[in-house]
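The chain below stands alone, shown as structure tokens; this is the form predicted alone.
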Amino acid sequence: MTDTVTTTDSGPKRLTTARLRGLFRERPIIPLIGLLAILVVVSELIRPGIVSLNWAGVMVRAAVPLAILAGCQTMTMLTGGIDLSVGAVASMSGFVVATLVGGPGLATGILVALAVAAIVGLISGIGVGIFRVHPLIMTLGMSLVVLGFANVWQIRMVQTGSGVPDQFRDLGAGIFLGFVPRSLLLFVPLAILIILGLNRTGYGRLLYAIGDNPIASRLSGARSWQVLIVLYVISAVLAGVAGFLYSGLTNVASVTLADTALLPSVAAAVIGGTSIMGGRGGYGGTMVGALILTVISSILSSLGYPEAVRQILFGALIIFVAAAYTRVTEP
């Protein structure tokens, strides 16, 4: 009799837990928006009056380049991979433009930076797609290669650099209508392209198929190596664009500018519902995840802790939130 009652009582609990897991797994953006709302309330409680349209604009402006880097991680993670070179590529891109804008010009600097980024992505894609090097090892190695070349370029070109272009500062840190970040003019079209590309194109379906079951996708005729090469080229080019925004946002051109954004970019994708094992996820949740991490960083700054303490707490919170979310969503 006791066993029967226990089973009956635990049935609704198991059903509720299963529904919650299903909600987090199938509609991750809903609980993420709830978490974001809670963080906004916490921000207001810590510093009453801080939450406003201007504050929201600042948060979005800071989250945009992180969301672009997190988009790189989302797409590669859908295939069961990861791109650890995005931080180095983003830093390199912003620095290259800063050194060329005073000579060949802004347009040439952008083209050179994006071309170099595409070459980095091509090499990573060939390593992962053709030679079957693990994405973590391949992209980590490429990040070191990029950093090395960027340091060589810095030694040769630093005296000819003119600093961050005014156009980048206006795009990365500027606002219009009083509180709307100008970076949204670039980010919104990019976000639409990523979302439509993942959900409405054959290439997007191939990314999901390769991550979900690479053997079945290969047997069905999909040339996964070609898909992966294109994927890592796209990821690197997007990282280059994020580097432009980072340099404009911070008004700094450095070969290590975006390195600290690497872990948050991975965390934003995981928190947004993208499985690191591949085959499941999307960019909508990733964007909200990037905004959540930005608000968390703002809260830690509002508490007045020293920089070292903020870094420790921020890293610990990223690990905790990502681990908790993965625990809830994974079967």
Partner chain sequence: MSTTVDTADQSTARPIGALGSMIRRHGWTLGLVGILLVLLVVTRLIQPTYGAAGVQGLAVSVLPLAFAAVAQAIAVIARGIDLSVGSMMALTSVISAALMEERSEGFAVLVVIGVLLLGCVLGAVNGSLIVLTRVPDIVVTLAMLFVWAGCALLVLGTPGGGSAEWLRTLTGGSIVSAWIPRAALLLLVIVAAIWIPIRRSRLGLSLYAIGSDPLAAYRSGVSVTRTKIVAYTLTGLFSAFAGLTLTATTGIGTPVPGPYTLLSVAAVVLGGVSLAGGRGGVFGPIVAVVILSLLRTDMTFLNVNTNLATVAQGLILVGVVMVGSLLQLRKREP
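Here, rigid core means the biggest group of C-alpha atoms that superpose within 1.5 Å across both forms. Numbering follows the first chain given and starts at 1. All values derive from a computational prediction rather than experimental measurement.
Only in words, not in the display: the form predicted in complex with the partner chain, which the text now covers.
Visitor: Look up in the model of the complex whether G163 has a non-hydrogen atom within 4.5 angstroms of the partner chain, and give yes or no.
Guide: Output for G163 is no: heavy atoms all beyond 4.5 Å of the partner chain.
Visitor: Would G102 show up as a contact with the partner chain in the model of the complex if we use heavy atoms at 4.5 Å?
Guide: Outside the cut-off, so no.
Visitor: Closest heavy atom of I130 to the partner chain in the model of the complex, within 4.5 Å or not?
Guide: Yes.
Visitor: Using a 4.5 angstroms cut-off on non-hydrogen atoms, would M138 count as touching the partner chain in the model of the complex?
Guide: Yes, M138 sits close enough to the partner chain in the model of the complex that at least one of its heavy atoms falls within 4.5 Å.
Visitor: Name the stretch, out of 33-41, 263-271, 53-61, 66-74, where some heavy atom lies within 4.5 Å of the partner chain in the model of the complex.
Guide: Only one stretch qualifies here: 263-271.
Visitor: Of the options I119, A107, L144, I192, which one has a non-hydrogen atom that comes within 4.5 Å of the partner chain in the model of the complex?
Guide: Filtering the options by heavy-atom distance leaves L144.
Visitor: Check each of V237, L84, L171, A98 and return the one that places a heavy atom within 4.5 angstroms of the partner chain in the model of the complex.
Guide: Going through each option in turn, the one that passes is L84.
Visitor: Using a 4.5 Å cut-off on heavy atoms, which residues of 141-156 contact the partner chain in the model of the complex?
Guide: In sequence order, G141, M142, L144, V145, G148, F149, N151, V152, I155 come within 4.5 Å of the partner.
Visitor: Answer yes if the Cα of G34 shifts by 2 angstroms or more between this form and the one not shown on a rigid-core superposition, and no otherwise.
Guide: Moves: no, less than 2 Å.
Visitor: If the two forms are fitted on the core, does W55 show a Cα displacement reaching 2 angstroms between this form and the one not shown?
Guide: Moves: no, less than 2 Å.
Visitor: Quick one: with a 3 Å or larger change, is the G34 to R310 CA distance smaller or larger in the model of the complex? Answer closer or farther.
Guide: Relative to the displayed form, G34 and R310 draw closer in the model of the complex - a change of at least 3 Å between their C-alphas.
Visitor: Kindly indicate if, in the model of the complex, the C-alpha atoms of L39 and V309 are closer or farther apart than in the structure shown, bearing in mind the change is 3 Å or more.
Guide: L39 and V309 sit closer together in the model of the complex.
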